[in-house]
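As structure tokens, one chain now follows by itself in the form predicted alone.
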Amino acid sequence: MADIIKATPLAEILERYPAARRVLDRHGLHGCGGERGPAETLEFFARVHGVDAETLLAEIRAERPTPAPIPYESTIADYIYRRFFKAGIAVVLTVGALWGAVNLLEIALRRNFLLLQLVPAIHAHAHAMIFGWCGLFVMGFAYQSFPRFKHTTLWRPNLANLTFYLMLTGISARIGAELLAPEALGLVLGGIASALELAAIGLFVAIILKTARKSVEPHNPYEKFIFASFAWFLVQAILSDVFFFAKATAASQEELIQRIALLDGPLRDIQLLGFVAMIIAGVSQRFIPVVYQLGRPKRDRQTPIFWLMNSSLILGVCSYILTLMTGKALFLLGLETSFILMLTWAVLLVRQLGVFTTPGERDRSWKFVRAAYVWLLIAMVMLPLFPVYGILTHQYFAHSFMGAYRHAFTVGFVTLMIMGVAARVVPILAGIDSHRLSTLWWPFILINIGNAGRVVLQILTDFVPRIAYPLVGVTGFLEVTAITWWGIELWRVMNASQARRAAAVMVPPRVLVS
């Protein structure tokens, strides 16, 4: 085995020296890339899994050779991520982004972002995006990657599989409930959705905690972000149910508007800034520096970032509720303080990751990751300006500006991160060299144009509605086109057979995903 070096692809090592699988599995390989293994090098594997490359080489060379290949049999823990990712794509391309684009078109045609008759459809769309798009991708990624990062195996894979069906059925029931409430059938579906989604999320958190306890690896600083995110995942699920039944039991239209005004903002903040932002911050610190070779920061800011993220969220939610309930300017000051703290943690996180430094290694996913953090900064700069904008435009609550901020955050930051990370991870898991796949430039361009157009034009509806409204209605379909393009390519990579991967060297790069 002396001819194995750090630049040797894992697939070549496993083909020539099958016994190496035992060593690699101990360090987190466990089925990645299927029978042949990933196309990445041994050095890349060592870096991503936190192992010294020379130590790994020594372990492989010391492993006793086997006279015959080690039988390979994939398990549900190896491919469970695929059903979560595919379901997430299906959700975003139907009741998620597509439905949102249709809703936006109707808003544009009616020239009004405050159409009460659209509230059920908008809230159903929002639920699908948080639980279906974000939730399913987070669960699938966690089941696949967390055990491997911890050099262990997933606890109770069959139970993890059950959470997929619970979650998907719960999402479907909740969408129906949003559209049918306050009718009796809507309330029944709302109760069913609540039970199923809470069961799925509760089991998911328990499985990840049990998996962590199986590992002998020490706790890493980034893990506090992961577990805090899962705690917020549970909290937002409970509050989402409270929000639904508060709307469904409102005695009048005026009471319905009051309840939406009081609960919708805090719920969205907990979902986006608690659950989603926290998991992205945790995964980014584990994933981005090592995958793209950004190096270590000169000063570790993980602890202040963590506390700023949680404290600013709690301060913001409490200040918002108290401002609406009391009307006192003191609580409005607390809200503005929370916005400034959110901008602070965003800047610190960007500096911690070094996403604007020159990467040592890049591929098609890098542009998505870097652009996502540009949009995070844009969104967080917008937040402290929200009260100022309201004063300048004489609005108690500037709906257009807040909607523009949320879109900058959800599509610009969150969706681009999902697209980027998945574009990097899925080919590794499929055993395909990502450099032989589509560069994804058109999806990248379209989603950024659509997102920028939506953010700018939604704000302009307060100033030049005749021009802005017709144009803003188109932006959603640009984003849907981008996600569809990306989703089809990702789906095909997940479906790639082992024989097709083996023939990759004989096939022109574009044919692989055509």
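In this text, residue numbers run from 1 along the sequence as written. A quick note: this is a predicted structure, and the numbers were derived from the prediction, not measured.
Beyond what is shown, the protein has a form predicted together with a small molecule; the following relates to that form.
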Residues C134, R268 and R406 all lining the small molecule in the model of the complex, heavy atom within 4.5 Å: yes
Within 4.5 Å, heavy atoms only, one stretch in 369-377, 104-112, 438-446, 162-170 touches the small molecule in the model of the complex. Which? 104-112
Does T415 reach the small molecule in the model of the complex if we count a contact as any heavy atom within 4.5 Å? yes
Is it the case that A126, even though its partner is missing from this view, gets within 4.5 Å of the small molecule in the model of the complex, heavy atoms only? yes
Given that the small molecule is not shown alongside this chain, does I130 nevertheless sit within 4.5 Å of it in the model of the complex, heavy atom to heavy atom? yes
The small molecule contact at G274 in the model of the complex, heavy atom, 4.5 Å: no
Between R213, H399, R362, R296, only one gets a heavy atom within 4.5 angstroms of the small molecule in the model of the complex; which residue is that? H399
